[in-house]
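This document starts with one chain, in the form predicted on its own, laid out as structure tokens.
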Amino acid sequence: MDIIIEDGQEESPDADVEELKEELEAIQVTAEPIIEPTIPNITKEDFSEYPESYKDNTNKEKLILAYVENYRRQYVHLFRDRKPLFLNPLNECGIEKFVCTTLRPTLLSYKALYHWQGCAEFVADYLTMKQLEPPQELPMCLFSPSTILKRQLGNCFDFSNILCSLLLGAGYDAYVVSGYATKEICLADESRQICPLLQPKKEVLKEAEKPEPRKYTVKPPRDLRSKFIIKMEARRKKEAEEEEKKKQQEEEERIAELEKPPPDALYGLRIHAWVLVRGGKREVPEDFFIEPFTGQSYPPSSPSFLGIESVWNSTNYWANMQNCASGCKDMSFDLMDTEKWEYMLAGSDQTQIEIPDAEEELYDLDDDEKENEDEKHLDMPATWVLPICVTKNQYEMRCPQGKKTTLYKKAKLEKYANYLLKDGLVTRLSVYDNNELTDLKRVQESFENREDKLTTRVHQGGLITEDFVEGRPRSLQQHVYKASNPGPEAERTMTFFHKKLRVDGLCKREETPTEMTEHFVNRDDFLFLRHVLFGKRQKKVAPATAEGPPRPILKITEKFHRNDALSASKDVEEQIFIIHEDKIQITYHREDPNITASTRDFYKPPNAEEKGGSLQWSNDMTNTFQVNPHGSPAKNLAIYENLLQLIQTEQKSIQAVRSSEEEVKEILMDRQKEELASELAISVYDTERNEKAKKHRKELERLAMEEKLRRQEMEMDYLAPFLAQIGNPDKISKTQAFKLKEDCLADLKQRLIDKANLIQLRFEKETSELHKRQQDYQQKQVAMTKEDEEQYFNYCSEAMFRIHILELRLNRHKQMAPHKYMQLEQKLRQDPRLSEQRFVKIII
């Protein structure tokens, strides 16, 4: 066909073809070199340590890989602009495995790993992070959890694989997520986050129980305040709070803007894997994410997670069909919604879709049920990985090399394994005032397994706070003192476990160089406070090593609770012993209608502290204020006896103060010795660390082995029964040795003859029985049926076989018996217990 040009000239089609070829040849395309996937260098020798499931695929696994390939092709056809799915990476041996079969739900026998917090913390601490290379590409390999736990090194997919396996074993509805995250999440950079130990704990506010309305109640007094004024005050208060909140929010936004990380060139492209825990199981109220590198939980609306490509667990695989333009904030995790998630295996429990109600489908219900019964789906193959096993030593070691350091915003957290350090330190949290971590503000140390029951020690502002658990000799619970002056007679506060542990009911002691205050609870004498005021020591010339005199006591103040068994005018509320003035002040409890309390002052005579001395009474020694003027005044005898009792009480109070000072010194001395020793408590069940139990166990094993060997020697000793007949003597005489030899040979000879006779007896018995059956056959041959004849012939064949075997055994026994006899005789000659040379030496 010719083409007509506008000017009327014809142009040949061949010329157009040539021109088109020239134009196409001018277009040059340069292809980028293809990067071959890198497979880990695993030698053939390394394959031997893996089971057969690592080196090859079963028929069912090959079938599921065919399903995976079909699923991948459909996904690529529908979503050409999205990255490929993480479906069938290579394992340790370079074999393709489906990611769902790499999960192995496991529940380990450790209490902490039954909850998601313990599982996440263990995985984050036990493994060392390895970044994806390059960060925007999926990894080519996914090793089994057992291999990763053995190497303690893995990327985000390895972390998530192990964590999801532990969570599934613990009963959580957990999934591995393949998606995109920020640079800080992918690199486990927590330098802009607050340390979890410093975050305030969420307090659950309990609603106050409303009192039940009563029919007869006293009406509250009428409120005479102006409602307008109350309303205006509430408005001003609300405006002030809003203004303060606004300023605080602006300040937080300004600080957040300053601390904002620099822009990332790969934002939205960094591939990351984490774990999704859906609500419903294990009392989980709502969905949340777990970051495997740090073990922290995040809500799905967190801006740190930018998108999701797919999720999977041990039963199925789902591809995300939702738009991730706004991250995971508006994403639905209802995996049964086929418009948002595309599953791979239709037979999974998570993919059962409810049939919508429709009138036209009701008639076809029976047909659908029949089709569903006939329809079969491919289920997930069994996992190919070895069981996840974590020994007790591995679990207790937790971190690689037993220690790990994490940097947070203005904080640094150091973790150590149990028994790694001599002082039992397990965590050290250092808090700083700046982001550069140079201005130290506070140090908090946590301890475990200490003999002195110390749990935490906090250094802050020049003060040291030590907390203890129950079990110390003097029931010390907390000790706060100055780091610059840890000795006695300095500023300190001691708190004690007072419930059922201290007889004196002491719960708190506060001390300064000049004062000491003690608080009591649940005492029989109703004492709840004792305050002591000390004076300055007098300077005396004494040796440097000699202990100085105790601090002089100036005043002791004791306060008591109300004793309902006594009247208020006789129940003491406060008694003050002014020792340097020889004065005692007593204040009684106030009675209900009165606004003041009765008081009485005593002035001690000069000889009040002399033993056996008599006190001279005078009215000038007391001063009384009585609230009730109409009440009868106390008699002089009662006042005198009260004075004597108070003098004794004063001496007891002074002794109690001195005992408290001695107790403080003893506690400080014990703490000094404990810090120098730093002994750790080891359980009797810990056979690896408990040296005493270990030695005892080894000694028992040694004794058991010796007993076993002795019994074996006894069982193998051919002379043992003959030695027992003569009483197992330590030394054997020549006569006994000859007798033992003769008896042993005679016994063997008799046993050989008995065995031959037994074989001959059986031979004769079988021959006699056969002869009888033959005679019986000759007599009844004519009347026998075919079955009887067949039974007779079978018996004859078996009997002849047995007779032949017995004949062979007897002939062989006759041949071997002399050899056995000679062997025993040779053995007896060589036995050191019966050797002739032994008796020759003894005679010489």
Partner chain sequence: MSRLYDTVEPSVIDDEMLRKAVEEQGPKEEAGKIAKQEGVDYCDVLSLRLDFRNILKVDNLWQFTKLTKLQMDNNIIEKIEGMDALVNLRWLDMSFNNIEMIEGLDKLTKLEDLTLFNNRITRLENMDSLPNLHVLSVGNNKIDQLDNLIYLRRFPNLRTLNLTGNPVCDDQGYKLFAVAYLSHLVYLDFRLIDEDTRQKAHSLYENKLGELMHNEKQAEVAIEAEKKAAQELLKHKDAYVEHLNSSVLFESMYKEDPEGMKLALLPGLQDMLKDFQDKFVEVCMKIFEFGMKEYEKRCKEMREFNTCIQDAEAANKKQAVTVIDAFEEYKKKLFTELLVTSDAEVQERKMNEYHEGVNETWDKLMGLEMQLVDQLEETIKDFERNMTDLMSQLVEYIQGLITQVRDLENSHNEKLLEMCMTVLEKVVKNEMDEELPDDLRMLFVDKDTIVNAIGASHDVHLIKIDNREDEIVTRSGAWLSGHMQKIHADECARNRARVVEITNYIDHLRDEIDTQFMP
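Positions refer to the first chain, counted from 1. These figures come from a predicted structure and were not determined experimentally.
The form predicted together with its partner chain is left out here; the points below concern that form.
Trainee: Wondering, does Lys772 line up within 4.5 Å of its partner chain in the model of the complex on heavy atoms?
Mentor: No - in the model of the complex, heavy atoms of Lys772 and its partner chain never come within 4.5 Å of each other.
Trainee: Closest heavy atom of Leu637 to its partner chain in the model of the complex, within 4.5 Å or not?
Mentor: Contact with its partner chain, yes.
Trainee: In the model of the complex, is there a heavy atom of its partner chain that lies within 4.5 Å of any heavy atom of Arg428, even though the partner is absent here?
Mentor: Close contact is absent here: in the model of the complex, Arg428 is far from its partner chain, nothing within 4.5 Å, heavy atoms only.
Trainee: With a cut-off of 4.5 Å between heavy atoms, is Val218 one of the residues that contacts its partner chain in the model of the complex?
Mentor: Within the cut-off, so yes.
Trainee: Given the stretches 446-454, 586-594, 388-396, 168-176, which is the single one in contact with its partner chain in the model of the complex, using a heavy atom cutoff of 4.5 Å?
Mentor: Residues of 586-594 come within 4.5 Å of the partner.
Trainee: Find the only residue in Leu529, Ile464, Ile579, Ile576 having a heavy atom within 4.5 Å of its partner chain in the model of the complex.
Mentor: By the 4.5 Å heavy-atom cutoff, the listed residue in contact is Ile576.
Trainee: Give me the residue from Gln626, Asn690, Thr147, Ser301 that has a heavy atom within 4.5 Å of its partner chain in the model of the complex.
Mentor: Only one option qualifies, and that one is Gln626.
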